[in-house]
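Only one chain is shown below, in structure tokens, and it's the form predicted on its own.
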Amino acid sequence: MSFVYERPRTAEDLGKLLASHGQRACVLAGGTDLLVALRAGHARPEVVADVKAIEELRELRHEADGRLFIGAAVTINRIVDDARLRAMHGGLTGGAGAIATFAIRNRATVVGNVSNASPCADTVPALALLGAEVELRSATGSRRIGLRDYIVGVKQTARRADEFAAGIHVPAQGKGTRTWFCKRQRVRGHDLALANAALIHDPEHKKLRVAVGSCSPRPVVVELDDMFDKPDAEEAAKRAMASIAPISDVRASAEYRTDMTGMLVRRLFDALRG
């Protein structure tokens, strides 16, 4: 198939390009999902807009007040390698490091991992717990939408055809907040999650929550604040297992995914106690 390759230099130029072509255009950041779709014929754009030349979309910005901005062209490995992020958001860097291989993480982006809207995306559980918002821009303006509302279904987001995801905003967290991530997959190394989960523990606001991926069309967040002072791993696992809606497919049965969700929650509580 043939298409026109564009490399806009500014976000404004990208917005104009999408306004002109709408659904006939695709945005290219890392390309690890888009190129596969192009080769398989699942995507047939007239225009492919490469965003990597837009400087502001390459920003990974730590604000003085603890907020974080992850631009659309920030690669997964930049997240994994950021020492400050590892100290502040272990669940996010842990999820990022669980994605694919080193070479793919050098190309794939965090925003792409979210915007692909795959239920098994490994950065989504931690971002959902951290209250992340996706910034959407177009030629006419911008808006922010919570990550849990941005992902509306399997491979479906709330982004309009004339919009692009400019980045992800993570708000400042309560003092002493920690997050963890774990994943169950078929084989060691590069494989998609059969189930994944993240845990957040926020002493300042007495917040204790679990997010589960790969077991529902959208990320599932289970609030466990009532057990903050007396964490109960078995009760937390029971609640998480009751909150998901897994399917059976070629990789695992629904029953297996449910059992693995319970196991992952127990492991996360072990990490919390440790």
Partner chain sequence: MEYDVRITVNGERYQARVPASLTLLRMLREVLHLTGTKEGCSIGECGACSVILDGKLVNACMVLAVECDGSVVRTVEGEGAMDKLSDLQQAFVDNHALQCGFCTPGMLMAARELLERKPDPTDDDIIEAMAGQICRCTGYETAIEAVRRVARKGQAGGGK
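All values reported here derive from a predicted model rather than from experimental measurement. Numbering follows the first chain given and starts at 1.
There is another form of this protein, the form predicted in complex with the partner chain, and it is not shown here; the text below is about that form.
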Checklist outcome for this item: Which of 216-224, 46-54, 201-209, 64-72 lies within 4.5 Å of the partner chain in the predicted bound form, heavy atoms considered? The stretch 46-54
Next on the checklist: Residue-level contact is defined here as any heavy atom of the residue lying within 4.5 Å of the partner chain in the predicted bound form; does Val27 satisfy this criterion?
Outcome noted: no
Checklist entry - Would Asn106 sit within 4.5 Å of the partner chain in the predicted bound form, counting heavy atoms only? => result yes
Next on the checklist: Using a 4.5 angstroms cut-off on non-hydrogen atoms, would Arg39 count as touching the partner chain in the predicted bound form?
Outcome noted: yes
Next on the checklist: Residue-level contact is defined here as any heavy atom of the residue lying within 4.5 Å of the partner chain in the predicted bound form; does Leu35 satisfy this criterion?
Outcome noted: yes
